[in-house]
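Take a look at this single chain in structure tokens; it is the form predicted on its own.
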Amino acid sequence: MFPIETAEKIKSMEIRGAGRIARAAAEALRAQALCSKASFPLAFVDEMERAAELLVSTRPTAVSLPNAVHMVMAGIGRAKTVEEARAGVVERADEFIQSSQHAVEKIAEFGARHIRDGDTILTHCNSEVALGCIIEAHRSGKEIEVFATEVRPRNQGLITIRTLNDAGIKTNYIVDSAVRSFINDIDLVIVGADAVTVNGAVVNKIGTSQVAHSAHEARVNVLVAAETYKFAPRTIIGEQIQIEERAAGEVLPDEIARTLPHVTVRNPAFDVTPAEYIDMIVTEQGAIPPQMAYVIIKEYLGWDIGEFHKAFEINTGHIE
């Protein structure tokens, strides 16, 4: 699938979930590189950069998307010919897709170890890695039960309960606003992430922060499952993660909205959960407390504060 098709499917949420979005973007760049008719390296680079920009613009909050695009585009490097550049993009795309799929498997393995036999688990939204942890625990023979939220307004919870049902896991489906009513029946909260900041705060589907706050009050541990490429390097220099606000029609049908001229519908797709509400982040490199997010950014994404300040000075011209 080519970038323009992939971009439309990501924007419309036909392709959803941070990991799936990242892999789809890598696949789209690979396809673009393979079909490019560019005769000169500069033309190839320009074509690929336009494709990359289109993909990144579709979901501004999902850090996995620009991280994946950055990793794949790095394959162009200092290529002197179109064929060298093409081969570099294809190689990086294949590497990213394979490592991403492997990351989901490793996180499921690590996360399942933190689920005890007899646990009742609450999950919010449709996270591939969070569900991986739950399903792996079930496969290992642990008797577990799950509470899954509906996830308004797009109802991603329906996908979650189908997945859990198909895995043979006893599941309760609840409205988002019922979380606090059931939180005392919960032993562990497991959610995914669209982004993790340098201070360990987690950006995830709207409602996650309320779930984590209720769990914090009830002294229920909150586990976040997130691949390392969901960590946000630019938050080191204070860059804010943009919270996507989606169309009002997802919440209120247009024909009703037209009859309410004084009403504005607000529809943020994500919220930010503070690090103090999170007990552990499980990555493919292992489990860490949220306060160690900087280690992931430095050791596994290859950035440190000095490098970011240097990049900032070069980009802004503020070189002393």
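The first residue of the shown sequence is 1; numbering continues from there. Keep in mind that what you see is a predicted model, and the values were worked out from it rather than measured.
Here the subject shifts to the form predicted together with a small molecule, a form of this protein not shown in this document.
In short, of 136-144, 198-206, 164-172, 73-81 it is 198-206 that has heavy atoms within 4.5 Å of the small molecule in the predicted bound form. For the chain shown alone, G192 is a contact residue for the small molecule in the predicted bound form, at least one non-hydrogen atom being within 4.5 angstroms. Proximity of A24 to the small molecule in the predicted bound form falls outside the 4.5 Å heavy atom cutoff. In the predicted bound form, no heavy atom of E150 sits within 4.5 Å of the small molecule. Using a 4.5 Å cutoff between non-hydrogen atoms, T235 does not count as a contact of the small molecule in the predicted bound form. Highlighted residues R30, P66 and F96: none comes within 4.5 Å of the small molecule in the predicted bound form, counting any heavy atom.
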